[in-house]
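Before any questions on binding or motion, here is one chain by itself as structure tokens, the form predicted on its own.
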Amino acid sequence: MDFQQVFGKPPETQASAPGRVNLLGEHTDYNDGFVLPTAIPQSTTVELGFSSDGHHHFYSENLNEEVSILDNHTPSGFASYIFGCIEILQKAGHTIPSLSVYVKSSVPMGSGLSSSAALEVATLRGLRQLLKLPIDDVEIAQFAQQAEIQYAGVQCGIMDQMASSLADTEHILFLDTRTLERRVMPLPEKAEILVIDSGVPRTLATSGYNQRRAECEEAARSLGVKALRDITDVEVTEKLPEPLRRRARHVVTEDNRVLEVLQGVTSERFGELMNASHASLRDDYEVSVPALDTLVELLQKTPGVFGARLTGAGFGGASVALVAAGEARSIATHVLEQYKQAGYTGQILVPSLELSDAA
């Protein structure tokens, strides 16, 4: 099925946006903290046209599912993100006509690689092109974040949307999520990124994500600061009751890890910081699962791997590793065989097999 077959006429325009993988700075963005994402090769493409019956119609190629908006109630699933983008633009004063929207994506869903942000940013880019809207890339990220919070029910920070809107696959994007100050940095020297899916899917809205955010807000209130990003000395968190002490300790140490990279570090040191990040996410933030811990441990023990950690919100999803340049595929093959022997089934996501074979 293509746009013409679903909607009876060709699209007016199309736009794409990539998924992202976060190398450091996990669960810091909604604490006004610092993050280090990069874009991945996989992307989401949205084709748009005008609807002739006065209603919005959304179709997902991946899900083979069509959703029509007949009563202006927020839909569920993939359609909630598209509908949210349209509604947020209208709240901002832009007039949006009834639309037909066709979505196809190579960004894995449920792996922590921001398939939702890629869909939101692609939708907003498409709307900008179709309707000649005067919005820039940062505004697109901000609108996308609000769409996810208000219409998909996820109290997310700004990192995923900023990465999808502004990052590329050749660099790391340092982002201060409070000020939106950003810096494009090269990948660590003689290193490349390896992303492996744990085979355990996760869903943000039904996980402990919103609970973790609430715990951080409570910790910040107890410490008398606007957000945990305002704490730089981890000793300050020791006065908090559990589990707030451990939640705050993770955020403070994770912010400090990102800021260390900003000063310039070797690939070896970057890897050590990734290892420390995973331990913190596992023990202090408690967002890992046994499959992810097994996968990360196997990666960390493999020659040629500088460091590895879970990536994304956790509760399943993918791991990211920084590995010696040119060795990602051989390392992945070795680790996935061991992972299979441990009773799990994973798959390599980056470098993308499909994209490299097609090149």
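When you see a residue number, it is the position in the sequence shown, counting from 1. A quick note: this is a predicted structure, and the numbers were derived from the prediction, not measured.
Same protein, other form: the form predicted together with a small molecule, not shown, and the subject of what follows.
*Asks:* Looking at the small molecule in the predicted complex, do all three of Gly49, Ile69 and Pro97 come within 4.5 Å of it through at least one heavy atom?
*Replies:* Answer is no for this spot.
*Asks:* Find out whether any non-hydrogen atom of Tyr81 is located within 4.5 angstroms of the small molecule in the predicted complex, and reply yes or no.
*Replies:* Yes - in the predicted complex, heavy atoms of Tyr81 and the small molecule come within 4.5 Å of each other.
*Asks:* Can any non-hydrogen atom of Leu113 be found within 4.5 angstroms of the small molecule in the predicted complex?
*Replies:* Yes, Leu113 lies within 4.5 Å of the small molecule in the predicted complex.
*Asks:* Hey, in the predicted complex, does Gly77 get a heavy atom within 4.5 angstroms of the small molecule?
*Replies:* Looking in the predicted complex, residue contacts with the small molecule include Gly77, since a heavy atom lies within 4.5 Å.
*Asks:* Indicate whether the small molecule has at least one heavy atom within 4.5 Å of a heavy atom of Thr294 in the predicted complex.
*Replies:* It does not: once the small molecule is placed as it appears in the predicted complex, Thr294 has no heavy atom within 4.5 Å of it.
*Asks:* So which of 227-235, 250-258, 124-132, 104-112 is the stretch with heavy atoms within 4.5 Å of the small molecule in the predicted complex?
*Replies:* Stretch 104-112 is the one.
*Asks:* In the predicted complex, which of the listed residues (Thr38, Gln300, Ser60, Gln42) lies with a heavy atom within 4.5 Å of the small molecule?
*Replies:* So the residue touching the small molecule in the predicted complex, by this definition, is Ser60.
*Asks:* Give me the residue from Leu194, Met162, Ile172, Leu119 that has a heavy atom within 4.5 Å of the small molecule in the predicted complex.
*Replies:* Contact residue from the list: Leu119.
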